[in-house]
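Form predicted alone, single chain, as structure tokens, below.
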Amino acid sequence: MAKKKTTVGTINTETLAFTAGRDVELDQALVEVDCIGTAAHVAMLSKMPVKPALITATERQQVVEGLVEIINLARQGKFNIKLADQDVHLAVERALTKKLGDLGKKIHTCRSRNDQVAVDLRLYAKEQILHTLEEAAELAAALAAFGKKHEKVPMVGRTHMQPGMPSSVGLWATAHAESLLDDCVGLLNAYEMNDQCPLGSAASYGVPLPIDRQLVSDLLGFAYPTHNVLYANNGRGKMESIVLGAMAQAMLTLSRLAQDFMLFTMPEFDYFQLPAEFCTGSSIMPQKQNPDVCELVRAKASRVKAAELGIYDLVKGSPTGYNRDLQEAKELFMEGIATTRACLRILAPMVKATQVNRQKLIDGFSPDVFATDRALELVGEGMPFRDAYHHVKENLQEMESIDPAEAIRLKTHLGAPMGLDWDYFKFRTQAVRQVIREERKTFNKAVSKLLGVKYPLQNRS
């Protein structure tokens, strides 16, 4: 069989293709963070207290300039990872060695691809979680605005899918908004757990040279380095699973929202009308406008959860130390994040453009919907609750003249249809956006200082 020479040895070509898997393709998304991680590592090597110096200050500057060049090429789609590279790490090393000669061969000193990919994925996750939070906040704000606009529109509240009690469009919309804001808390928790630097752990067991892992962590804008070098690499897979777990919770909220839209836009309900541009037609039935966006969101919620569980299953039986099984987690990780973000982005403008059919919502009320409210009204007049319960059950005709709008106007306590605190939703959404701004500012400042150019970089021709 044919063989191929690579940076780390000569290998059978079929084995090379099999073991590289989709890394050659997927790692294109990691070129920038790999260069940033390498810049921090080389900066640390240049400051290591050994003589002669492993890398001089001048050499460090040459490497950083080369890395900035690679980042610019990647942003223009001109940096290619070859099969012989196997992954982004060796592709970057190859490019630097071609440009800088023996200096490029020094950059991998005191690190392994194990800690290199771990830091790449954590940097990637930081960026992706912030994007997800931004998009989740946008959808939460859209739902809150939708709810406020239709605050006084009555809507039948249901349990077991059956009519239950008087509710409102405002209550329905903001229930989903609050759920999504809680999902943001979960995403922020995942962000905080992810915000640790594993670089310097090498192949999981440290190195016999005086590296400065705290310095590397600071240069990359992480909150702190992981402490135990073995856990630094054992945390790979586990961390991706945690991040996707937070993504899956957001998708759970989106799936229930999508399900409601599918139900309440049925002709039998006709409570809402989805914007035509978010629906698709039938290849045979000319009249159809299908809620395909909602159906796909519901399906994709399962895919994100499956990605999370897929990574969990890859890790749960793995012995301590690096195992190549983890390579299979990368695709699941990236797909799960991309899917979550796509769903958030499509739903926000759809919510904003959805129309409310007030009359159909009012027509959905029948006398029995007011039964519980009437029983509690009798309690307020002095009747024991169980007596009121049976009285109403036997005299449902007494509720025939109740106005749905008046019924919801009486519900003014905290969180009820007329007790919704609009500042609450505004404050929580703004708080999420503030965290995003602060974290981006911290990271961009750290990387700008590290690279010696303003970050994020602008594409250069």
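All figures in this text were calculated on a predicted structure; none of them were measured in a lab. Just count from 1 along the sequence shown to find any residue number.
Quick note: we don't show the form predicted together with a small molecule, though the next part is all about it.
Segments offered: 215-223, 181-189, 376-384, 107-115. Contacting the small molecule in the model of the complex at heavy atom distances within 4.5 Å is 107-115. With respect to the small molecule in the model of the complex, the three residues Lys126, Asp195 and Arg440 uniformly fall beyond 4.5 angstroms at the level of their nearest heavy atom. Between the small molecule and the residues Tyr322, Tyr389, Phe79, Phe269, the one pair within 4.5 Å by heavy atoms in the model of the complex involves Tyr322. The partner is absent here; in the model of the complex, the one residue of Gln273, Gln327, Ser318, Thr97 having a heavy atom within 4.5 Å of the small molecule is Gln327.
Using a 4.5 angstroms threshold between heavy atoms, Asp87 counts as touching the small molecule in the model of the complex. At a distance threshold of 4.5 angstroms between non-hydrogen atoms, Arg236 is in contact with the small molecule in the model of the complex.
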